[in-house]
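One chain follows as structure tokens, the form predicted on its own.
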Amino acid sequence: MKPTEIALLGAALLLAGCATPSLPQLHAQTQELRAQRSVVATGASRLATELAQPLDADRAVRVALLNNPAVRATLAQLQAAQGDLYDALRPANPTVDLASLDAAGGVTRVVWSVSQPLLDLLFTSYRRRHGELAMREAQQHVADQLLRLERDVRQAWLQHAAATLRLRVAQRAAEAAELAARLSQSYHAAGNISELQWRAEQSLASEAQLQLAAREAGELNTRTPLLDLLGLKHDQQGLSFDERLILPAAMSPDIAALATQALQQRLDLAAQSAALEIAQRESRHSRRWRWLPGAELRIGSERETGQATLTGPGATLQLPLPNTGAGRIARAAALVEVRAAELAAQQLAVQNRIAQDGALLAIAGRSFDVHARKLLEVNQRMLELTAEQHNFMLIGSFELLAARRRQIDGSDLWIDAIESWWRAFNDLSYESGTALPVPATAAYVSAEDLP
């Protein structure tokens, strides 16, 4: 084989040996991107181990990352990107043409050639960088989808835990209302209260039962979406939830700093930046090489019976006329504008949502500390004072039961305030592109803690 043939085939074979990261490597790198922005690390955790204990918010996130079918579909995007990178690191396969032509007189002509697209060899560095950027974009996009799943699981777990606590409140309210209805019936039978008072207590008892039924439906309606995110069936054996809510703690995050940090940390913004860089590179490449739309190198050989073999290189050049590549350049430039506009719009949306979530967190914190907590304390004290007056026979049992109902209603509003704070906290944590530290407090509210 002549030197020109060796050079052509050797270049193609050398490029074909470019290594592509393995799928486990890509998964590990992507999970590391997610873990850097989360307080939950999956590590070597197993599904059975996680399900063996009541699921709090963090454990629910680990179960979802291990078991949600959508995670498999999300990670499959890495395999598709791996295939794209493989193709980008390798030139097009050489083309071999072979012909044997028989002529009169027993003369045979044998012709063969090996051709290779020249641009694949010239643009090796460009294609490699393009493929690496596309892989980085895919990894950042996948990691962001996993973080979105974590945010969704936390919000779904929060809604379910709050709904369960509200159900317990409704059960206690229904019990108190039923007790008041039975007591009023006895009092009415004894002639101590009017029928109007008796019917009023019966009405309140019926309202409490309707509210209880609504709370039962609400608890069920929050359980199903959570199970969907966890990838679990409704009859999962041994499944239980840790339904305690951590009480909000005072915190005043620097919203301006979080907004600045988000522009650097958000993986969806990073993926869009990579997409913009890819579009810009394509646009520059199209303009720079518009006059070379296509070229091909060829090594050929021809031999007739009884004649010497003729072997030599050749080339084919595609002329840039009448198509000068203006259409390709225009499309590439338009794509740059689209990607730049999408990135700018997303950056603006992120900063606005951070400002909104920060304001909601401040409102929820103020509502909990100033109003909800005070309401709970005041209602508890009112119940104690009412009980004292009842013990001294200064007021009747119905006034005591009314104070108890007011205390129970206050508990419902208290749970609302806790849920609102955590909803804003979870949203702000995701929007900022970092794992906000969970308030360092050991104070929880559970069904047993409710008055």
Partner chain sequence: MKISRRNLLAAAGVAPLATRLATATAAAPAAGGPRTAVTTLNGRSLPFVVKEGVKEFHLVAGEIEHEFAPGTKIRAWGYNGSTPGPTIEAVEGDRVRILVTNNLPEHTSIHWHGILLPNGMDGVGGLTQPHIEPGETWAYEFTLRQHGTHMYHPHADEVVQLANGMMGLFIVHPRDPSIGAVDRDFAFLLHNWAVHPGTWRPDPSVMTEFDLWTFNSRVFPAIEPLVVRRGQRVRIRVGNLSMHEHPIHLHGYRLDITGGDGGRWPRAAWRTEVTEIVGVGQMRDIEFTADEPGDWALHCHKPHHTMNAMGHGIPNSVGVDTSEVDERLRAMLPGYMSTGRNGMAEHVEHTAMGHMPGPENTLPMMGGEGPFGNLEMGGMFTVVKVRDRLPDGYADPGWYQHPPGTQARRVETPAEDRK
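Take the two forms, find the largest set of C-alpha atoms that superpose within 1.5 Å, and that set is the rigid core. Positions refer to the first chain, counted from 1. Not measured: the values here are computed from a predicted model.
Although not depicted, the form predicted in complex with the partner chain is the subject of the following passage.
Among heavy atoms of residue 390, some come within 4.5 Å of the partner chain in the model of the complex. In the model of the complex, the partner chain sits within 4.5 Å of a heavy atom belonging to residue 401.
At a distance threshold of 4.5 angstroms between non-hydrogen atoms, residue 190 is in contact with the partner chain in the model of the complex.
Residue contact check for residue 66: none of its heavy atoms lie within 4.5 Å of the partner chain in the model of the complex. Exactly one listed residue, out of 343, 121, 212, 179, brings a non-hydrogen atom to within 4.5 Å of the partner chain in the model of the complex: 179. Taking a 4.5 Å heavy atom cutoff to the partner chain in the model of the complex, the contact residue among 415, 424, 383, 55 is 383.
The stretch that touches the partner chain in the model of the complex, counting heavy atoms within 4.5 Å, is 182-190, out of 226-234, 125-133, 148-156, 182-190. Once the rigid core is overlaid between this form and the one not shown, residue 386 counts among the residues whose Cα shifts by 2 Å or more.
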